[in-house]
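Quick heads-up: it's one chain on its own, the form predicted alone, in structure tokens.
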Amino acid sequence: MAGIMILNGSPRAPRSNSKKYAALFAQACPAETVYREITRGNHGTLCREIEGFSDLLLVFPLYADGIPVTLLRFLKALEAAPPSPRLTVSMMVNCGFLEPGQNDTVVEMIRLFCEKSGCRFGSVLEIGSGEAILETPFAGMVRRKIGKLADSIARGTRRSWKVTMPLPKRWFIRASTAYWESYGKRNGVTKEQMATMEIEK
């Protein structure tokens, strides 16, 4: 069937910003969309479900300048069992850096995956300041770009966009530091704990 599968590749998909971005895309998209989240055990199910879809939209955060392992493992499964007919893979990636260009390397990784797996590489939206921007007056900038991405994929065109908060870097660092300290406090985590490698435990 024709349509767009939105695939959330965040390691914390059920409570992720990627889920919020995916919902905004679905609201803006004129084509039929289906939303799914990657788990450790559903790779085979997702690969089968993708069969017949014309488009796949990967929505995920930048992790250590690359693809998060949750999504990487799924892509390996998809490459081993490619859908037929070959689908177009688009992407919406967000990073915590102010500069959306920090996502450029991961865009090339997905482009390489498409070349190796026989998929068409589609449209791209790179979002900077991704963890905070939806909670600011600049959220409308992201919504407009997501609308353009949705229209592009629905029309079968291939375009690329970047968006971030239009702030001086020093302001962004100050604001993001305050945001994370407040976030940690709400969750019972101190500034000192966030500065250690133990935070993931």
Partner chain sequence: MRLILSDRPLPLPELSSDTTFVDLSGLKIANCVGCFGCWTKTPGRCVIRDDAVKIYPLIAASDRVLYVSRIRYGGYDEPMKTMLERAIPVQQAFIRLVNGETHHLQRRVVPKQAVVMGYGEEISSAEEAVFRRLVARNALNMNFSEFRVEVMPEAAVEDAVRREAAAWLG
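We call the rigid core whatever largest set of C-alpha positions still superposes within 1.5 Å between the two forms. Residue numbers count along the first chain shown, from 1. All figures in this text were calculated on a predicted structure; none of them were measured in a lab.
Just so you know, the form predicted together with the partner chain exists too; it's not on screen, but the next bit is about it.
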Contact test in the predicted bound form: Glu32 vs the partner chain, heavy atoms, 4.5 Å: no
Partner proximity in the predicted bound form: Trp161 to the partner chain, non-hydrogen atom cutoff 4.5 Å: no
Asp65: touches the partner chain in the predicted bound form, heavy atom cutoff 4.5 angstroms: yes
Contact of Phe172 with the partner chain in the predicted bound form (heavy atom, 4.5 Å): yes
Proximity to the partner chain in the predicted bound form (heavy atom, within 4.5 Å), stretch among 57-65, 140-148, 44-52, 153-161: 57-65
In the predicted bound form: members of 117-149 within 4.5 Å of the partner chain, any heavy atom: Glu131
Post core alignment: Ser182 C-alpha displaced by 2 Å or more between the shown form and the other one: no
Core-aligned C-alpha movement of Pro83 between the shown form and the other one, 2 Å or more: yes
Large Cα shift (2 Å or above) at Lys191 between the shown form and the other one, core-fitted: yes
